[in-house]
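Next comes just one chain, in structure tokens: the form predicted on its own.
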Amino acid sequence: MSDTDAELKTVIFDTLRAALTKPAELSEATHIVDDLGLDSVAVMDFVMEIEDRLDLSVPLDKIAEIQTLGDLLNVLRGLKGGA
């Protein structure tokens, strides 16, 4: 895993842990809705927080394709130019 991947993963996991009401085991395979129980508003808030922390914008069509934390990592990697 590159430094960029590790940094992105840290941002994703730290931001999500702060948003969750109860602790959860997080991995790239974690399904954002099914495993964590986030609704669409919570997902949008979570993604907007990540956008703010990384100073980038995730297109809405990409957000619709994201199901797992690994999917989000891949999208962010692409937006940061790491793919």
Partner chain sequence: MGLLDKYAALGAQYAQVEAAGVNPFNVTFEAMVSATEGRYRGKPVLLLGTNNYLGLTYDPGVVEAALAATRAEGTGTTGSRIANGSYGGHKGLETELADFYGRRHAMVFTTGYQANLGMLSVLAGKDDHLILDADSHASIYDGAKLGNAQVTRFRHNSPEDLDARLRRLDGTPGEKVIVVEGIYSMLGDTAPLREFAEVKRKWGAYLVVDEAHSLGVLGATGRGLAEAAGVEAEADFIVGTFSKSLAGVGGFCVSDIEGFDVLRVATRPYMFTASLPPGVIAATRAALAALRARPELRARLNDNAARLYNGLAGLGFALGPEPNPVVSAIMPSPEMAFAFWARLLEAGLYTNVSLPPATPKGLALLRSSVSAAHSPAQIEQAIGMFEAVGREMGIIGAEARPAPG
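Residue numbers count along the first chain shown, from 1. Remember, predicted model here, so these are calculated numbers, not experimental data.
There is also a form predicted in complex with its partner chain; it is not shown, and the following applies to it.
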inquiry  = Quick check on V33: any heavy atom within 4.5 Å of its partner chain in the predicted complex?
reply    = no
query = Does the 4.5 Å heavy atom contact test between S27 and its partner chain in the predicted complex come out positive?
reply = no
request  = Classify P23 as contacting or not contacting its partner chain in the predicted complex by the rule of any non-hydrogen atom within 4.5 angstroms, answering yes or no.
outcome  = no
message = Taking its partner chain as it sits in the predicted complex, is L60 near enough to touch it, meaning that at least one heavy atom pair lies within 4.5 angstroms?
response = yes
ask   = Does the trio V41, M44 and M48 actually contact its partner chain in the predicted complex, every residue with a heavy atom within 4.5 Å?
value = yes
